[in-house]
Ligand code: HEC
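Next comes just one chain, in C-alpha cells: the form predicted on its own.
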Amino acid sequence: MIRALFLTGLLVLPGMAVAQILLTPEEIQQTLSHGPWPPQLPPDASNRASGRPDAVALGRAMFSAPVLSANGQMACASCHDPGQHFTDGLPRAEGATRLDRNTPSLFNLPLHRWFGWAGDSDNLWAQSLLPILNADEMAQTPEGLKSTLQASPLAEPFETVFGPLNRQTPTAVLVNTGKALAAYQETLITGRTAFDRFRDALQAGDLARAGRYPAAAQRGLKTFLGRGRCNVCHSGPAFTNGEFHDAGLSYFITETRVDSGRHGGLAALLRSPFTLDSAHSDDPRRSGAWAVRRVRRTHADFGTFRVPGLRGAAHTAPYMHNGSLPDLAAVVRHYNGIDPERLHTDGEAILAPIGLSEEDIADLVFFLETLSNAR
C-alpha cells in the first residue's frame, strides 16, 4: 500500500489535504529500524539493584554526593551536569586528565554493550567505578569509600539496598556503589521526538500525520540514509551500533601524547576485575560474558572510538571524543570533506568525502536536531 501511495512524492487521499512524503519505500523501511522509542529494556541481570526503586533513589543521591571523592569536593554531577544533558559543555573534561576526552552524556546507556569512549568496561556498574578510583578524578580507594559511606547520611539507604556496611569488604562496598549508580543511570532515557512521531506515523500507515514532519528534515534523513551513509554506524533505535570506528581525527593530545582509543580501552577491559565474567556479576549464567572472553586487541583498534548515539545530540556540544568540533554543522562538514589519508590503512573503508552542498548540510543538521526535540 505504501508503495502505491508514492506518486511524485505526494500523498492524496479523499477529503484530506496534500501531505508531502519524500522518502522511498526502501527509505521508509530503513527509517522504521530506528525505533520504536523509548525501548522496553529488562533489568540488568549482572546487577541485582537494577530496576529497584530504592536502588534508583540511592544511586540518584550518590550521583550528586561529593562524599564519593577522596577530598569530598567532587561528585559525578560535577562533570555530568543534569542541567547540561549530563555533560559539562567543555571540549575536554577539567580535572580528568587521564586522556583529556570530552565528557559524554549519560543518556540511553542501557542500550550499550561497551562503555566509555574506548570501551574500558563491558557493563554500566563497572564503568561507574572508573571516575571514583581514577587519581585525576575522585581519587577514592575502596577502603576510603567504605569509611566515608559509613559516616554519611547515605549509610542507611545503602544498607536498605545492600545490607550492613560493616559486613561487606571494601571491594564489595565499591562494587555495590557502582551498581546503585548504574541503577539510577539506567533511568536516564531521552524522550520522544519529532522524528519518533514521524517514524511511528509511517509504521501505522498514517502518511497524512507523517507529512507534518518538515520537508527539510525529510531531505536530511534521505541524506543520512543515502549519500551520507550515516546509518552504517549510527544504526538502530539509539542511532549507534555501539562499536568503535576511526573518525579521521588526530590521535595526538599534545605533540608527545597520543590517545590510543579502543586499543588502550581493550587493555583496560582485559585487566579489569569487574567485568561480566567476574565474580562481581550477579548473573549466575554470565550471559553477557562471551564478549569480553572473545575480544582481542588488533592494530586496527588504535585511534578508534565508540560511536555515540545521536538522540539528544543537539544538546551536547562540543563533539567527538576530543571535543574538537563545536557544533553539528561542523561535524557534518568534517565528514563531508573527510581526508581518507587520515584513516587507518588496515582499518575500515567506510568513510569517504560525500560532496554535500550547503543546503544539503543544513538539511542534515535540521534532521539531526529533530532527534533532540530541538526542532
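Quick note: we count residues from 1 along the sequence shown, nothing fancier. What you are looking at is a predicted structure, and each value in this text was computed from that prediction instead of being measured.
Just so it is clear, the following notes concern the form predicted together with the named molecule, a form of the same protein that is not shown.
Q: Look at the stretches 279 to 287, 298 to 306, 201 to 209, 159 to 167 and give the one with heavy atoms within 4.5 Å of the named molecule in the predicted complex.
A: Residues of 298 to 306 come within 4.5 Å of the partner.
Q: Among Ala194, Val292, Leu249, Ala139, which has any heavy atom within 4.5 Å of the named molecule in the predicted complex?
A: Checking each option against the named molecule in the predicted complex, the one that comes within 4.5 Å is Leu249.
Q: Identify which of Leu181, Ala217, Leu266, Leu145 has a heavy atom within 4.5 Å of the named molecule in the predicted complex; exactly one of them does.
A: Of the candidates Leu181, Ala217, Leu266, Leu145, Leu181 is the one lying within 4.5 Å of the named molecule in the predicted complex.
Q: Give a yes/no on whether Leu351 approaches the named molecule to within 4.5 Å in the predicted complex, heavy atoms considered.
A: Taking the distances in the predicted complex, the answer for Leu351 is yes, it comes within 4.5 Å of the named molecule.
Q: Classify Thr103 as contacting or not contacting the named molecule in the predicted complex by the rule of any non-hydrogen atom within 4.5 angstroms, answering yes or no.
A: Contact with the named molecule, yes.
Q: Any of the heavy atoms of His80 lying within 4.5 Å of the named molecule in the predicted complex?
A: Yes, His80 is a contact residue.
Q: Flag Phe274 as yes or no: does it have a non-hydrogen atom within 4.5 angstroms of any non-hydrogen atom of the named molecule in the predicted complex?
A: Phe274 lies outside the contact set for the named molecule.
Q: Using a 4.5 Å cut-off on any heavy atom, which residues of 46 to 84 would contact the named molecule in the predicted complex?
A: Stretch hits, in order: Phe63, Leu68, Met74, Ala75, Cys76, Cys79, His80.
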